[in-house]
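Given next, in structure tokens, is a single chain: the form predicted on its own.
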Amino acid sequence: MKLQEHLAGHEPELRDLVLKIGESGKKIHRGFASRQSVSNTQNVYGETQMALDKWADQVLIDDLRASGLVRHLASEEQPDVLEFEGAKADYGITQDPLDGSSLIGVNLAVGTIIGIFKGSVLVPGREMVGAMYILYGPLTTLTYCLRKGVHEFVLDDNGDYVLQKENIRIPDGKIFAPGALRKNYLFGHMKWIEALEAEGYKIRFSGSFVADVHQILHKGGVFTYPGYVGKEGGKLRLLFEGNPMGFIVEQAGGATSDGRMSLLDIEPDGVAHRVPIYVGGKKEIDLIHKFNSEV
């Protein structure tokens, strides 16, 4: 089954929006070979931008503006929320156009992460109407959720997204993807890590958030980039990373947290809002809550 057929039961404008983002993903998929250099600019977070980051960001912005379906767009590569005048629909988009782009030069998986809102994007993730990500690896896959299950499609040789796995549910598993330096872990997080290790969890961490969470979604376990000494408020972004991927994982039967509450219940204080992130199985999330409640 092709993506457009799978989306047939959804609201037409929402269906068209997912399809449009899928088409943008095909353009990004084709753009890797010639755009691997580093630019001379930085994003709003002070991070050096890859040429491909900037290009992918502009591809999505141009395509979504032209679609007439999006009124508000927040991007990890832009300092402010963009507003598209004359939009015929009122969707809001958050986008990380190319998560993990520092890995492009060594040919590891990277991806595009999208959150979909009705109206403003500066609201808790619980209000999202959908989320999706496109993973550029050995295969290019598109995973979407519009509150009716989590579904994965693969880009085939004909340029079509074809159903690969429907109604994904996160399984039990014993892998974990821990970010930050161990010497800087906070007390509750360290106790949690030690508990996972004692249970035989194995580390699987690539440095690409979207790829690591994709693996957790399929194999179980947990991803974390916690708050740590010197950056207790976390490193990853709520709008562009935590909320969209967290939405998908929760819809697949998993859970998310900043160490004390679901990511999806956090009120963002702006586009640059950072948070500690835990995304994965419910038992792993319950365990970090237990250890943090004892601190």
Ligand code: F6P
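Small disclaimer: the values here were computed from a predicted structure and weren't measured. For every residue, the number given is its place in the sequence shown, counted from 1.
Form predicted together with ligand F6P: not shown, discussed below.
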Note: exactly one of T143, S75, T112, S208 sits with a heavy atom within 4.5 Å of ligand F6P in the predicted complex, namely S208
Interface check vs ligand F6P in the predicted complex: of L236, I28, A255, L64, the one with a heavy atom inside 4.5 Å is L236
Only one of 97 to 105, 194 to 202, 121 to 129, 158 to 166 has residues with a heavy atom within 4.5 Å of ligand F6P in the predicted complex, and that stretch is 97 to 105
* How about E241: is it within 4.5 Å of ligand F6P in the predicted complex, going by heavy atoms? -> yes
Using the partner position in the predicted complex, report whether Y225 sits within 4.5 Å of ligand F6P, counting heavy atoms only.
-> yes
Within 132 to 151, the residues having any heavy atom within 4.5 Å of ligand F6P in the predicted complex are none
